[in-house]
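In the block that follows, a single chain appears as structure tokens, in the form predicted on its own.
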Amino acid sequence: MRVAVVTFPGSNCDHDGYHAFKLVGADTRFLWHRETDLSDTDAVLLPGGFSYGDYLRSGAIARFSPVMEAVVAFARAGGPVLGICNGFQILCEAGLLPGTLLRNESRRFRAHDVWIRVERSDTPFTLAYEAGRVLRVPIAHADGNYFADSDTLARIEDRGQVVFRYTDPDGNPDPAYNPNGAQNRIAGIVSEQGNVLGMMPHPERAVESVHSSTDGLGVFQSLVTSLQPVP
């Protein structure tokens, strides 16, 4: 499996994502944002960070980087794309995922561990988990408040596109454990086709025991498993 980790000016989690994919045996390379060749790529990671300094709004400028035309075409052809934190914001700006990420309800940057419940175990990104499992992973964002208009939100829910939700440590809904005010406690969604995942928490920062949690490793294991040839 060959993974391209896109690096934008201001990205700061590209090396973390690269390392996570290497841990699960993927042939991983960095792809500078000016490059456009994805011909030898099986999956794409849009990492976290502050692309273009989050000027204008998070992800709005990165959406127009040369690489994104190739990423959009890759995704629309069914290629798997994972966007984490700023990557999620870029996916929304590029129209690959519905909705947008607003300023945190607290108006403060939040960086700490959160708990998210796996809502689906049948996506290319969650095969290693059981539905209902609660993961402990970190966040680090100022604009993680997921928002969509009422019709879009209803459609997302009806079609089962919500993959992760913020919960308390036992998996129960609790406003006190919603770190940014996201609608319906949404922490991650997939596209209608199921091949594009955007999530605000950072699974790549929870892949080794030194991180105090390895709960995020399953995201990367799942994607590698989903791309294995069928015997």
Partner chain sequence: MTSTLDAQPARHGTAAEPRPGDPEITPELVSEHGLSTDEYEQIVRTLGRTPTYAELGVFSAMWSEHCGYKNSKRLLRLLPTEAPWVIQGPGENAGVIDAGDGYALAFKIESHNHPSAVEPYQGAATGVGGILRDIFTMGARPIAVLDSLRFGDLDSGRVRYLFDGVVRGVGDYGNCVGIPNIGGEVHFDRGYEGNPIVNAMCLGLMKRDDLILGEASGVGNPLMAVGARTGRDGIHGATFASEELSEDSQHSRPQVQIGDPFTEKLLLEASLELIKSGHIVGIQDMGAAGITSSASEMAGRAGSGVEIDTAKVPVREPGMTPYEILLSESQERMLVVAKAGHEGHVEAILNKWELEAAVIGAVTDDGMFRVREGDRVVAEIPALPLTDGCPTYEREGIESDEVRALRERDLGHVLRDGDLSDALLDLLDSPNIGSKRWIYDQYDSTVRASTVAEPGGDAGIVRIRGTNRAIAATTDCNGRYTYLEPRVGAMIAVAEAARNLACVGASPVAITNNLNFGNPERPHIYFQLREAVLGMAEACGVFETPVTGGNVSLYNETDGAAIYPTPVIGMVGLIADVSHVTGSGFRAVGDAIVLFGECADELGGSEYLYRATGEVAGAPPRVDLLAERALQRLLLDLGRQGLLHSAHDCSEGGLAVALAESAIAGTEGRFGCDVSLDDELPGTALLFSETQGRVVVTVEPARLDLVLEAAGAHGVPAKRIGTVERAGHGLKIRSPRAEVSVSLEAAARQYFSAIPRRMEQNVSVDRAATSPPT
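Everything quoted here is computed from the prediction, not taken from an experiment. Residue numbers count along the first chain shown, from 1.
From this point on, the text means the form predicted together with its partner chain, which you will not see here.
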| query | finding |
| --- | --- |
| Which of 89-97, 67-75, 133-141, 154-162 sits within 4.5 Å of its partner chain in the model of the complex, heavy atom basis | 133-141 |
| Contact flag, F109 vs its partner chain in the model of the complex, heavy atom cut 4.5 Å | yes |
| is_contact(R29, its partner chain) in the model of the complex, heavy atom dist at most 4.5 Å | no |
| Interface membership of P169, its partner chain in the model of the complex, 4.5 Å heavy atom rule | no |
| Contact test in the model of the complex: Y55 vs its partner chain, heavy atoms, 4.5 Å | yes |
| Heavy atom within 4.5 Å of its partner chain in the model of the complex - qualifying residues of 1-27 | P9, G10, S11, N12, C13, D16, H19 |
